[in-house]
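Form predicted alone, single chain, as structure tokens, below.
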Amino acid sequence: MIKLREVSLTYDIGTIFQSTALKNVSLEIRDKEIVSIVGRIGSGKSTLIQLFNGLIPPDSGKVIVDGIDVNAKNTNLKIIRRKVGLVFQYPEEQFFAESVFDEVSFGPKNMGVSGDELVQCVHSALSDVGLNPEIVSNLSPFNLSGGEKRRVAIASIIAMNPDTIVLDEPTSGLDYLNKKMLISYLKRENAKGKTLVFVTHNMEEVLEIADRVIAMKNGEKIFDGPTEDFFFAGNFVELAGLDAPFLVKAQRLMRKRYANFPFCRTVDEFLKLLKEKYS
């Protein structure tokens, strides 16, 4: 479990560039949840997730992971980062190795994995994100396409087998088929017990995947609750400066006529319901 207690953070204090990124944010990410963090650019969502594994410290407040104070002086951040794996929005920011294999194997190596087990671990992680390990293992990660870089970055976190996977815009740069493959993989990992947190601007993905939504605006949390409530219990989507997906707008229209119209996450669910009960 990840807990934030009244966390605040300001960048470039005392300069003309000073800006408040987070204001007294408190929240809990519970085990085995799928949580989406949404908001416009500059709302604080990407800063927020970098607190989860101690990548940046808050100015005030506490970050607790499985009972460990992340920013305490005696905290071993390696332990925290084995529990909470973070994939950046721009994957090239976390690349450093000469080959894809070395990039993905770095984390498992530091955890004591070696030999055939290490090879299997890397190959499995690459396959899970839709990359052929026989083709890409010896390539430089810096020479890959944007979508391939994204998948290698995710594989490098998957290979470490963290309890919580945190992803910043995970499907950005991926084509339709690879988006679907990645989403299916993440759902399977959640079904196995992993906690998933993802930042996204894609409201269709939020609707389809998330159990819960945390919406940010100007560094403050303005909504934290079930996905259905985010889309239908008020104008929270619009308050966050976002646009509801077409499927939500269609369901809102149906609920004006049929108050008990069920919550549908996908177009297929919606069309099946219309055909069976409302035609």
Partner chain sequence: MRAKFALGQYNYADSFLHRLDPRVKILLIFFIVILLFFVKTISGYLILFLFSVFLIVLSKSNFSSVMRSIKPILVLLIFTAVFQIFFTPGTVIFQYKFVKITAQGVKLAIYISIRLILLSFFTFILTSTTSNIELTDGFESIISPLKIFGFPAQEVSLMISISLRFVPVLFEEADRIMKAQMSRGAEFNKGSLIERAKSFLPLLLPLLLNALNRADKLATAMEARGFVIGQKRTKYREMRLSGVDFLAIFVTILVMGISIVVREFV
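Numbering follows the first chain given and starts at 1. Being a predicted model, the structure only gives us computed values, none of them experimental. Only the largest set of C-alpha atoms that superpose within 1.5 Å between the two forms is called the rigid core.
Although it is not shown, the form predicted in complex with the partner chain is what the next lines describe.
- The partner is absent here, but in the predicted complex a heavy atom of 157, alone among 129, 157, 186, 167, sits within 4.5 Å of the partner chain.
- Only one of the listed residues (43, 251, 53, 36) places a non-hydrogen atom within 4.5 angstroms of the partner chain in the predicted complex, and that residue is 53.
- Partner proximity in the predicted complex, defined as non-hydrogen atoms within 4.5 angstroms of the partner chain, places exactly one of 129 to 137, 176 to 184, 157 to 165, 198 to 206 at the interface: 157 to 165.
- Taking the partner from elsewhere, residue 15 is found to have a heavy atom lying within 4.5 Å of the partner chain in the predicted complex.
- Contact annotation for residue 123: none of its heavy atoms lies within 4.5 Å of the partner chain in the predicted complex.
- Among heavy atoms of residue 89, some come within 4.5 Å of the partner chain in the predicted complex.
- Within this chain, residue 111 lines the site of the partner chain in the predicted complex, having a heavy atom no more than 4.5 Å away.
- Within 4.5 Å of the partner chain in the predicted complex, a heavy atom is found for every one of 94, 103 and 106.
- Relative to the superposed core, residue 77 undergoes a C-alpha shift smaller than 2 Å between this form and the one not shown.
- With the core held fixed between this form and the one not shown, residue 149 has its Cα displaced by at least 2 Å.
- Distance between the C-alpha atoms of residue 93 and residue 15: longer in the predicted complex than here (change of 3 Å or more).
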